[in-house]
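Given next, in structure tokens, is a single chain: the form predicted alone.
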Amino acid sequence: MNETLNLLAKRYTCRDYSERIPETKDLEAIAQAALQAPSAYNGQPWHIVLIHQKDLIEQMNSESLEIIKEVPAYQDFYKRIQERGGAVFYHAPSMVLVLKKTENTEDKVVSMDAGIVTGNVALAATSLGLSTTICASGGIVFQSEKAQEWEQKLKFPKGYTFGIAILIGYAKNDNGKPHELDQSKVTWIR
């Protein structure tokens, strides 16, 4: 199997990060990989926010926990987070936010393009020996009454909204495994 296929086969969702901080040069390489993602009509309807401040991520984590604790629709999610150690972001030391452009765009196309960026980020990080979690929960703080405060703190450009988060760091242990492949999800037309 070639290097790219091996990389795809080994990426998994990490739910337990170590204290080890990724090097700035690796995060810069990941940011470049994000910017290299293709997009419809080369519109590039995204903006990347790279958070390399563990204390800021922990603040987002605390506020997210408070929000999901209080919202009845999130109770199953809250319980699952508590069973996994009580951290929405699994103590990851770095996070990439993929923001979506909201002005003059079709949401389906923008979401698809943001998804491509997300894949580039996750695979680039894996290629550098880092672990990742693709994390929609990164958007919880942007659904609260403090949404604008968080958007300002994280320097969201005007006309962009949260799309998805990717947690990045080193796994606490190397026991993570990719999900089982379900071949029934493939239909061949020959």
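Note that residue numbering begins at 1 and tracks the sequence as displayed. Every value quoted in this text rests on a predicted model; they were computed, and no experiment measured them.
Although it is not shown, the form predicted together with a small molecule is what the next lines describe.
Remark: Thr13 counts among the residues lining the small molecule in the predicted complex, judged by a heavy atom distance of 4.5 Å or less. Although the partner is absent here, Leu65 is not a contact residue: none of its heavy atoms lies within 4.5 angstroms of the small molecule in the predicted complex. Mapping the unseen interface onto this chain, Lys177 counts among the residues with a heavy atom inside 4.5 Å of the small molecule in the predicted complex. Contact check for Ile134: a heavy atom falls within 4.5 Å of the small molecule in the predicted complex. This chain is displayed without the small molecule, yet in the predicted complex the stretch 134-142 from 134-142, 44-52, 147-155, 24-32 comes within 4.5 Å of it by heavy atoms. Only one of the listed residues (Val121, Met60, Leu130, Ile164) places a non-hydrogen atom within 4.5 angstroms of the small molecule in the predicted complex, and that residue is Ile164.
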